[in-house]
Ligand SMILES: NC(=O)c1ccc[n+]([C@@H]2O[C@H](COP(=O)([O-])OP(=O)(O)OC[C@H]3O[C@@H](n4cnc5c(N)ncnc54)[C@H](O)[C@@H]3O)[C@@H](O)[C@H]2O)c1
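Take a look at this one chain, the form predicted on its own, written out in structure tokens.
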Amino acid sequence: MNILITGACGHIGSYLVENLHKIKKVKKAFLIDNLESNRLDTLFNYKRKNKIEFFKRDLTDPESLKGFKNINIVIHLASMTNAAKSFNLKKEMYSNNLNSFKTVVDFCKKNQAKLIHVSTTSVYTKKVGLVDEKCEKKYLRPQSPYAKIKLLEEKILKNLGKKLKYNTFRLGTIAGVSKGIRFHTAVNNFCLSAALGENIKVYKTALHQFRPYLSLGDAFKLFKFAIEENFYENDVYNVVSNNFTVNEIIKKIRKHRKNIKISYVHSPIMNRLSYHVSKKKLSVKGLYLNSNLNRDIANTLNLLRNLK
């Protein structure tokens, strides 16, 4: 089959492309990225066991996917993603992400391509306990513009009914090393600060709050599972390796960097929330995720070992 991957040079996209040869059903992949993040280097020296072709495209242009034929699956990863900075870029993020999403959805409908849609567990706001995909609407009040947009995208897909085959996957905070690695997410950012000998900056009140995390290895397992099992049920699934407190993450980093220190900072995102995100719904379908975050932290710190 032929697949199209948007945001192919990003943190998740580059890992997926690097490991694409492990998904036997994929015969050819078309990679899309606007290169606004200057990640052309992620395309260097790929193992071309799968045939891949790269195209520089801006998905906010509704004509950007015109000409692509015989696409069976679209994996939509392209978006502006920095939640903390999204408050200062709200209008730009809404325009970019929603217009890009519309281009992808229109393409899938026109070409009868199935869609793997990526959302985020940041759509949840429950204060305590376990939250799952069937939670009350009052717990779906995301705080950042980025997460609000993702919830809007979910609603758009739901309203399409049977016009499109898809699944929405709410990913936990990504951790792990890829060619397109980014450092604005918690684990990677903490590792970067530790490698540089800087204080790890933690949002006030967040130290003992639980958050869901997702290893890149588990993210790839998800894509592989969806493609190989033809898993498209027009439904929403949480995708989480494990839930940890910020303090637990820092303890894992301290195993490798003993002398790290913490400083507390303010964030525009309210952090008086603590919740576990359930992954049971996906497990019932036969996909079990439990990658070792210790390994992701060790690999990230090893990548940064020459920093001082």
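Quick caveat, the model's predicted, so the values are computed rather than measured. Residue indices: 1-based, along the sequence shown.
There is another form of the same protein, the form predicted together with the named molecule; it is not shown, and what comes next is about it.
Q: Using a 4.5 angstroms cut-off on non-hydrogen atoms, would Phe220 count as touching the named molecule in the model of the complex?
A: Judged by the heavy-atom cut-off of 4.5 Å, Phe220 is well away from the named molecule in the model of the complex.
Q: Answer for Asn243 alone: is it within 4.5 Å of the named molecule in the model of the complex, judged on heavy atom distances?
A: No, Asn243 sits far enough from the named molecule in the model of the complex that none of its heavy atoms falls within 4.5 Å.
Q: Is Thr81 one of the residues lying within 4.5 Å of the named molecule in the model of the complex, judged by heavy atom distances?
A: Close contact exists here: in the model of the complex, Thr81 approaches the named molecule to within 4.5 Å, heavy atoms only.
Q: Is there a non-hydrogen atom of Arg57 within 4.5 angstroms of a non-hydrogen atom of the named molecule in the model of the complex?
A: Yes, Arg57 sits close enough to the named molecule in the model of the complex that at least one of its heavy atoms falls within 4.5 Å.
Q: Which residue among Asn238, Ser193, Ser144, Asn96 has a heavy atom within 4.5 angstroms of the named molecule in the model of the complex?
A: Checked against the cut-off, the match is Asn96.
Q: Which residue among Ser37, Ser274, Ser278, Asn247 has a heavy atom within 4.5 angstroms of the named molecule in the model of the complex?
A: It is Ser37 that has a heavy atom within 4.5 Å of the partner.
Q: Name the stretch, out of 254-262, 29-37, 279-287, 66-74, where some heavy atom lies within 4.5 Å of the named molecule in the model of the complex.
A: Answer to the contact question: 29-37.
Q: Using the arrangement in the model of the complex, list in sequence order the residues of 1-22 with any heavy atom within 4.5 angstroms of the named molecule.
A: Heavy-atom contacts to the named molecule in the model of the complex: Gly7, Cys9, Gly10, His11, Ile12, Gly13.
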